[in-house]
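The chain below stands alone and is given as structure tokens, in the form predicted on its own.
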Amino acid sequence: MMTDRRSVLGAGVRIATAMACGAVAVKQMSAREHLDGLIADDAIRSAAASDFGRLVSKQPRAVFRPASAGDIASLMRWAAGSEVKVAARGQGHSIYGRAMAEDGVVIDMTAMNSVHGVQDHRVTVDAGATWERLFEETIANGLTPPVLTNYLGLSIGGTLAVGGIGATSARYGMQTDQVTELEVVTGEGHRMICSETSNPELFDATRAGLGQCGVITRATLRLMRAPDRVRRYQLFYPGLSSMTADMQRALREERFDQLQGAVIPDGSVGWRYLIEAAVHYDDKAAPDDKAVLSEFSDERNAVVVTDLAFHKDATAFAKLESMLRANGQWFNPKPWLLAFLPASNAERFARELLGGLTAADVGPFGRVTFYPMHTRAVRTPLVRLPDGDVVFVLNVIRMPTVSDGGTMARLIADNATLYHRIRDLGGTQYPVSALPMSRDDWRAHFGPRWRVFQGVRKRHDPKNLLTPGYV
């Protein structure tokens, strides 16, 4: 029984990366605003007015379902002439309405989901494909993206628009760091190819650019050889300090291929402290568990070690998803906060946070993820991290059992308070959090990159049509 519970808790660590408003009046489309492919069906528009977070509702005027980048270019030229806001939507996993366009058009990218071949440790894939679809194609060739999201049901374009973080990011950076080329449709309806050498300014403003300069329609990504197996270790600790010290040691000594940690509500006990780490290996070179875990101060009698084929380990979150769908928790509001902290004050802030956090606000399947990562592998200019060689990921994954508007409003207000405290300490947010952001907040978030970013944005989306849920 204990092993089953720990398996669920461990899977929960890999949740990554969440107030309903009244319906808005929707302006009817005029004849001048007609474009083939626009769908004004009430049920379809209502579906596009909600997202995974279940916190924000914004009714679009229409939904557009393209089959190609050319279709999206036509839409954007029409939108520019009609001055209609547009937002691209992949799997709808935004948690605060960022992929919505109130009284505008939502682009449903799901039909653009082809994988265009794997060769020379590269793969080209449509932006509407999920990471799961891409992974199944690459693993069949013995290859894998260096960084996979913990949940593979996210779209390629969706994660590349914000960065894309995973359990191997400490070693390989963000998913945006694996991109070699993008096909983008700009706010003016121009279809452009960009890379480090071709239209590099647009390339740097599109990766983690929150969809402000263009719609990603296709990406070419680096691949690496996939390991055969994954040896996973769940290590339990009596407190935050001992867990933090061991995570820092593990990162410094590069003991693991994956390293994550969490603080988990545990009934009358209060909080449990957990490191979940993994070693990738080939069939003939299994890791020595004793050596891997040497000098750690975990509760060794509570350690859980599992060994899975790489494919099975990478897709393990599906079990937790099925359980949460079955009990209805998957569909509850998700007022999440995702952030990065400087290593110098990360533990102190985490301790302050936990002191004011209740298990009820987090929920039985929620947690505070907390772990260090190197910054040296992160090369995407718009991925904003604190200064220093090491930063800590801190995510408040709230999955409360109640869903009333008053509770959600309070938790979102708490997120705003926490975020401003994080920013005062030199931290940044991972820009998918459930909190309102003013233009000044975004200016502070992007810091010295803001001026260049806005310059590119004005050149490629001069009418400010794209992704109105953000800046």
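The shown structure was predicted, so the numbers you read here are calculated from the model rather than taken from an experiment. Residue positions are given as counts along the sequence shown, with the first one as 1.
Separately, the form predicted in complex with a small molecule exists; it is not shown, and the next lines address it.
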Exercise. Find out whether any non-hydrogen atom of H93 is located within 4.5 angstroms of the small molecule in the model of the complex, and reply yes or no.
Key: yes
Quiz item: With the partner left out of view, is W271 within 4.5 angstroms of the small molecule in the model of the complex by any non-hydrogen atom?
Solution: no
Quiz item: Can any non-hydrogen atom of A127 be found within 4.5 angstroms of the small molecule in the model of the complex?
Solution: yes
Quiz item: Is there a heavy atom of I165 lying 4.5 Å or less from a heavy atom of the small molecule in the model of the complex?
Solution: yes
Quiz item: Of these, 190 to 198, 152 to 160, 249 to 257, 278 to 286, which stretch puts a heavy atom within 4.5 angstroms of the small molecule in the model of the complex?
Solution: 152 to 160
Self-check item: Of V215, L341, L235, V105, the one that lies within 4.5 Å of the small molecule in the model of the complex (heavy atoms)
Solution: V215
Exercise. Please pick, from V396, L182, M109, A208, the one residue with any non-hydrogen atom lying within 4.5 angstroms of the small molecule in the model of the complex.
Key: M109
